[in-house]
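The chain below stands alone and is given in structure tokens; this is the form predicted alone.
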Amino acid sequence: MSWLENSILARMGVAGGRPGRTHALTEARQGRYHYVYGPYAEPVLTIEPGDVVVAETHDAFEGKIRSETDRPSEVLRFPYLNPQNGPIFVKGAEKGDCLAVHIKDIRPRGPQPVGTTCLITEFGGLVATGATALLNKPLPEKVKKLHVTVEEGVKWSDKITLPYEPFIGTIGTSPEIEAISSLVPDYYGGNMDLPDVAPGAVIYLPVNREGALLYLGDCHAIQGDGELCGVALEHPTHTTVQVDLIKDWTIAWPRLETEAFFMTIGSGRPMEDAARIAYRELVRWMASDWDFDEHEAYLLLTQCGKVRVGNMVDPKYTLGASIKRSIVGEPKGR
């Protein structure tokens, strides 16, 4: 039996993990892409729990960096980065519920070289920025355009080929009343840049208003922990997700389930606060759904908890705290 058949998605979802109708969210159907997460845009799709969406996502630059001679400072316009597909209205979703998004597939689209990474002036983990103001001169701008395929991976150079390890960099639901930049991660998800949000995983997102209003975009072909220079291998994609709804399962921060582990995700600054949020949420999840005493869960995670750094460059940093499925077993059902 596949682990998905016993997942939280399958046991608690309105559709029970069964796929419904498939919707094509093409560039034409999307129309204008969005640069904020918020409740003020009209939904581009209305779906039932269990429905599948195949979205044509843009890269983080909406295709504006076309060659290695382009200068990001000249062709990009902050804060218009991380274009998002959506919002997608999920029937029956109400505040206090949870969206369960099973990431089924991510494939590059468009003419090669389809992948883009670059150095951007005063942006990144090892440079001076507006928030960490130093007298160092900015790094020179540099662009790399790379061939990316599912079968052959990422051709970095004549000597180096990297595997194709795609994931959704930015995914989340609408806040209740705020409109927040798609560059920012927070309690609703957003720009978490967490490589575990990958095909095969199920991400659980809090519903803050009617219809949930799901956004997604900013898919990466591969990324190291921390997204060190601030720009992973950005690429446009065909991304396929199955969206289910869990009624009355109220979560404060995003959660993730895979065949190997359970994870809670926190975002904040400084980085230790993001880690604290993630671990606190995992302790509370273990207490509520595995009947651990919170102090016992705290002690156990001290011995075997794992931390994954999503990004260390965005307005808020993102970390995921996890524990292996083989250690805790399956959570209790309702």
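Note that the structure is a prediction, hence the values are computed from the model and not measured. When you see a residue number, it is the position in the sequence shown, counting from 1.
The protein also exists as the form predicted together with a further copy of the same chain; that form is not presented, and the subsequent description refers to it.
Trainee: Within 4.5 Å of a further copy of the same chain in the predicted bound form: all of E42, T149 and A260, by heavy atom?
Mentor: No, because E42, T149 and A260 lack any heavy atom that approaches a further copy of the same chain to within 4.5 Å in the predicted bound form.
Trainee: Go through E27, E68, E48, D273 and name the one with a heavy atom inside 4.5 Å of a further copy of the same chain in the predicted bound form.
Mentor: Flagged contact: D273.
Trainee: Work out which of K91, K155, K142, R109 lies within 4.5 Å of a further copy of the same chain in the predicted bound form, going by heavy atoms.
Mentor: None of the other options qualify; the answer is K142.
Trainee: Would you check, heavy atoms only and a 4.5 Å threshold, whether W285 touches a further copy of the same chain in the predicted bound form?
Mentor: Contact check for W285: no, nothing within 4.5 Å of a further copy of the same chain in the predicted bound form.
Trainee: So, D105 and a further copy of the same chain: in the predicted bound form, are they within 4.5 Å at any heavy atom pair?
Mentor: Contact check for D105: no, nothing within 4.5 Å of a further copy of the same chain in the predicted bound form.
Trainee: Classify I180 as contacting or not contacting a further copy of the same chain in the predicted bound form by the rule of any non-hydrogen atom within 4.5 angstroms, answering yes or no.
Mentor: Answer yes; at least one heavy atom of I180 falls within 4.5 Å of a further copy of the same chain in the predicted bound form.
Trainee: Verify the contact flag for Q223: yes if a non-hydrogen atom of it lies within 4.5 Å of a non-hydrogen atom of a further copy of the same chain in the predicted bound form, no if not.
Mentor: Q223 belongs to the contact set for a further copy of the same chain.
Trainee: Only one of 210 to 218, 130 to 138, 237 to 245, 96 to 104 has heavy atoms within 4.5 Å of a further copy of the same chain in the predicted bound form; I'd like to know which.
Mentor: Selected range: 130 to 138.
Trainee: Determine the residues of 273 to 308 with a heavy atom within 4.5 Å of a further copy of the same chain in the predicted bound form and present them in sequence order; the list may be empty.
Mentor: In sequence order, D273, A275, R276, I277, Y279, R280, V283, R284, F292, D293, E294, H295, E296, Y298, L299, L300, L301, T302, Q303, C304, G305, K306, V307, R308 come within 4.5 Å of the partner.
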